[in-house]
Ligand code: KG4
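Below you will find one chain, with nothing else, as structure tokens; this is the form predicted alone, and questions on how it binds or moves follow later.
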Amino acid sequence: MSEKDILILAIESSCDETAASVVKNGRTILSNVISSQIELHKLYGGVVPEIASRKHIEKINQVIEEALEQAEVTLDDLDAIGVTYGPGLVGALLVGVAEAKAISYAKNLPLVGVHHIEGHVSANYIEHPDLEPPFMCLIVSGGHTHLVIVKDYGEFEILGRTRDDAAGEAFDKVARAIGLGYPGGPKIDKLSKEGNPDAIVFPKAKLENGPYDFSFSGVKSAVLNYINKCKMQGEEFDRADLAASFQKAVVDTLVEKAVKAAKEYHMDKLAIAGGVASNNTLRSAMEKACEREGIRFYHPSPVFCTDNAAMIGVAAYYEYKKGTRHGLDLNAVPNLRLGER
């Protein structure tokens, strides 16, 4: 490795994935280890915070050791430690933050706290060396739906956010209602392929005083009402049609708003990020819309859409370069807003 290489060990534990990654110079991923708890939480139909926290404690040292081994580096080779400190489940975040602080203290390494959503946006830099700010980014995950202008690395202007349910949350709730189980997004995406997206017309929320804000509780309620009505009348409904029609209502809203914002703000680059960004229907609809409008479309591979530490390492690198440092008093901030430090 040349003199100027910067190596960052990144830790992510905001929900139910315990992850560690070694990132070189902000764009090269030397390792990306993820221990998922999905099978465990499936039993409960969603993430149980207490169980998630305990599992992180069990797994975190193994995951970090494996990440260092795969990258063929030791703690002595590192330049900094990056860690997600919010938003997320407070108990889960605390495990990662405590671990990062311990390594930072033991090895006298700079500590860089990273905003989880900034991490999702940064996932786009991993496979797209040509992508640099400014660009428009739609972040869609289980807990967040944001439409932002990425003005510079780590600098965002928020145009819109969800007023109620995030897109991923709506997917999970609808999946549960039609008996698909957890996690809902991938299961609805798969089932939708067998259904007719125009079979049922579900409403799209029109928000008067926030053209780029989102609301998905209405479409979720409409689906639940449709199911209840069918049950009360003793009618069967086609699960695949229902899944496809619901997905269409959500995807159409996301694509329309993101493309409209890109045009209004004269952005010729549009990226998507977050767990729902791995949804096939959303990716292809966004690709078509961008092609039509002459906008370059970027998206991370599915492994970098869901929670992982590689994206946190990328974000940490750009924060590190800007001089962001945190002390050993860094704490988990479960409701951390984008743009807050």
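For clarity, every value in this text was computed on a predicted model and none was experimentally measured. Numbering starts at 1 and runs along the sequence shown.
Keep in mind that the form predicted together with the ligand is not shown, yet the notes after this line are about it.
Although the partner is absent here, Ala67 is not a contact residue: none of its heavy atoms lies within 4.5 angstroms of the ligand in the predicted complex. In the predicted complex, no heavy atom of Glu118 sits within 4.5 Å of the ligand. For the chain shown alone, Ser278 is a contact residue for the ligand in the predicted complex, at least one non-hydrogen atom being within 4.5 angstroms. Although the partner is absent here, Gly168 lies within 4.5 Å of the ligand in the predicted complex, judged by heavy atoms.
Only one segment in the set 228-236, 178-186, 100-108, 121-129 has residues whose heavy atoms sit within 4.5 Å of the ligand in the predicted complex; it is 178-186. Distance criterion of 4.5 Å from any heavy atom to the ligand in the predicted complex singles out Cys305 from the list Met286, Ala310, Val63, Cys305. Comment: the ligand is not present in this chain, but in the predicted complex one of Gly143, Gly160, Gly154, Gly91 has a heavy atom within 4.5 Å of it, namely Gly143.
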